[in-house]
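Only one chain is given next, in structure tokens, and it is the form predicted alone.
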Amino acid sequence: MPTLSLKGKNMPASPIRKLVPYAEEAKRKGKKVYHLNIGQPDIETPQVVLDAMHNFDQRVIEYSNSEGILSYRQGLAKYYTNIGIDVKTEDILITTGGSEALLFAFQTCLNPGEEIIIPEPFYANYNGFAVSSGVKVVPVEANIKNGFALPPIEDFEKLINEKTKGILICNPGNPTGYLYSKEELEKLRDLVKKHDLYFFADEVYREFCYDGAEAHSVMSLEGIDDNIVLIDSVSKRYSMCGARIGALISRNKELIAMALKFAQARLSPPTFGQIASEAALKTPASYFKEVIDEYVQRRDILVDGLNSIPGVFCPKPKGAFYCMASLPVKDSEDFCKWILSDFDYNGETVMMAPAGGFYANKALGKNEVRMAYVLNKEALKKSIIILKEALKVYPGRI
């Protein structure tokens, strides 16, 4: 048998999806599984999007331009302008989800073997994108005790060497829900400018900020226009994860021109997804108000419920719809398997994402899990009860 690639062998399994066989087996045994492991909202997609799909009347489903449908890019530029982000149509490249946007960004800006610094824990697939691009992730540790605030700039600076090409953040954050302040972003701006690095920012959860907090975009930072690369997506903003439409955005003309070559190699982003995404730009503001109000209630049920369980600690996030919790267990991955395979409470159990996969440093996250508050309030209340009862009898509790 021919050997398989080293890149494939080094590709990490998703901590979000790797326990799916355990969940499927639990369902085969008749258990109801509450999926807190994945950021798939049960919020309805805006009606304007569904109407656009139902009213599709083209006789041929054509390729779009490699950079995306022009009218959609123009509409997206207006969307950004309306929220205070000054970009032009030609600064925007439409991609197959935010995932492809980040892949294109890595492939455009970094050579194999070069390094990118990322505060951890971070979105687990960043590891996979780095492996795909031959890039080395260099983590800088954020801490659950202060809610995963930005690590000291000195911690970033001591990691910078001749191979360092950029810094990547997610704001608001997945998996932590942490929202970086304007002051924190300015500190990163100054560091990026000092060392002439790329500043990659994943801002797909921009609309979801709570308790009066406000998201500040890296595109609003002055003095580093050619360094900034913005990653965006419609998946979570409009609860349309299956559309698979994202965007790579930069005022760096040379960067966009080079990224377009990667876009041309994959031909074009999905036509249906772009039609749906263009329609989503007409979503009324009332939709977001209702969604944010709902997420605040869900967050409070889950986070307050977690903190009511003896031995559990969960900082309250100010953005996105995820939280990270430390549990009184030796190994959170073992616990996440056990609660699916060996435990139920009144025929029900929960699926969580063990946090180890959200860290590059494998010594971290051993007793942490990520949960997404994307289920209805009653499901979240039941999940807290199940988790509380499970921790009472789990043999690996500490």
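Each residue number is its position in the shown sequence, starting from 1. This is a predicted model, so every value here is computed, not measured.
The protein also exists as the form predicted together with a further copy of the same chain; that form is not presented, and the subsequent description refers to it.
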Next item on the list: State the residue from 161, 143, 111, 71 whose non-hydrogen atoms include one within 4.5 Å of a further copy of the same chain in the model of the complex.
Entry: 111
Note to self: To test your reading of this chain, name the stretch in 269 to 277, 78 to 86, 292 to 300, 150 to 158 whose heavy atoms come within 4.5 Å of a further copy of the same chain in the model of the complex.
What the structure shows: 269 to 277
Next item on the list: Using a 4.5 Å heavy atom cut-off, state whether residue 395 contacts a further copy of the same chain in the model of the complex.
Entry: no
Check: Any of the heavy atoms of residue 363 lying within 4.5 Å of a further copy of the same chain in the model of the complex?
Finding: no
Check: Would residue 137 count as touching a further copy of the same chain in the model of the complex under a 4.5 Å heavy atom rule?
Finding: no
Check: Does any heavy atom of residue 33 come within 4.5 Å of a heavy atom of a further copy of the same chain in the model of the complex?
Finding: no
Next item on the list: Scan 192 to 229 and note down the residues that get a heavy atom within 4.5 Å of a further copy of the same chain in the model of the complex; none is a fine answer too.
Entry: 196, 197, 198, 226, 227
